[in-house]
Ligand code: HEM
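One chain is shown next in structure tokens, namely the form predicted alone.
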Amino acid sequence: MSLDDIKADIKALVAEKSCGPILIRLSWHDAGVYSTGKLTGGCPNAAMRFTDAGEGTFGANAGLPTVALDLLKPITDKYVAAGTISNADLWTLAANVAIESMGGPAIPTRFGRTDAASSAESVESQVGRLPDGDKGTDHLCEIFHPKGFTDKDIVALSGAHTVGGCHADRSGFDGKWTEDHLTFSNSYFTEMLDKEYADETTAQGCPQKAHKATGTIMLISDLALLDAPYRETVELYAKDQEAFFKDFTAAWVKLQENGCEGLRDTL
């Protein structure tokens, strides 16, 4: 069983189930808990596998320990159980294969992440580690700067919202960010600039912004990118998809490798 075999199975899964966006979110939330400063620690370690406590119970991760892991289960059973790859590496690889499969950049993947043995290896809370959709620029800085990300990195990473959408039963928010929500492109930025969004409240009581004609949405944290110091980068990515892909790749690899040591290029 080779790396090419795993990639082929992931590509087939994404094609059959149109599940690329949730695989990206799985990797994002596994790795994105890393922080420094007031909060320390955290790394991509697949702690969400455990739902007795810890990351598997975080509200921000709703749907991941069930929907995402159920989708990946045949591949997990085939390769992780055989010792070919760790869960944490598989989640990382699955996101990267999904991004490329949906038209995005080819993301290099390094290997060697160690799986958590129990929920006890989770970080203490999602607070201060994962972003909230109903907050603005100050919150984005508080979340991402301690992870080592610049303001440009914040915009680039937010561009992952070019695919997928929000599910009311998971986050309380509801709707897709872009009209072509299964194509990884710069449309998140072009639509953000071209459309006018009106305030609305979801059935769960969450505030968001909606474009009435198309039904697409933006969260408060998305439209915060139209303010300084982010707007200039939004405008750049709307004009230049290659620039977005290049910067996204660099920031995304950093996200996926934060808190890791001794990673290698080969499986």
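One rule holds for the numbers: they count along the sequence shown, beginning at 1. Computed from a predicted structure; not experimentally measured.
Here the subject shifts to the form predicted in complex with the named molecule, a form of this protein not shown in this document.
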I22: touches the named molecule in the predicted bound form, heavy atom cutoff 4.5 angstroms: yes
Indicate whether the named molecule has at least one heavy atom within 4.5 Å of a heavy atom of S122 in the predicted bound form. no
State yes or no: in the predicted bound form, is some non-hydrogen atom of F58 no more than 4.5 angstroms from a non-hydrogen atom of the named molecule? no
Is there any non-hydrogen atom of W177 lying within 4.5 Å of the named molecule in the predicted bound form? yes
Hey, of 190 to 198, 136 to 144, 81 to 89, 114 to 122, which bit sits against the named molecule in the predicted bound form at 4.5 Å between non-hydrogen atoms? 136 to 144
Report the residue, out of S101, Q126, S171, T109, that has at least one non-hydrogen atom within 4.5 angstroms of the named molecule in the predicted bound form. S171
Taking heavy atoms and a 4.5 Å limit, what residues of 241 to 260 are near the named molecule in the predicted bound form? F248, W252
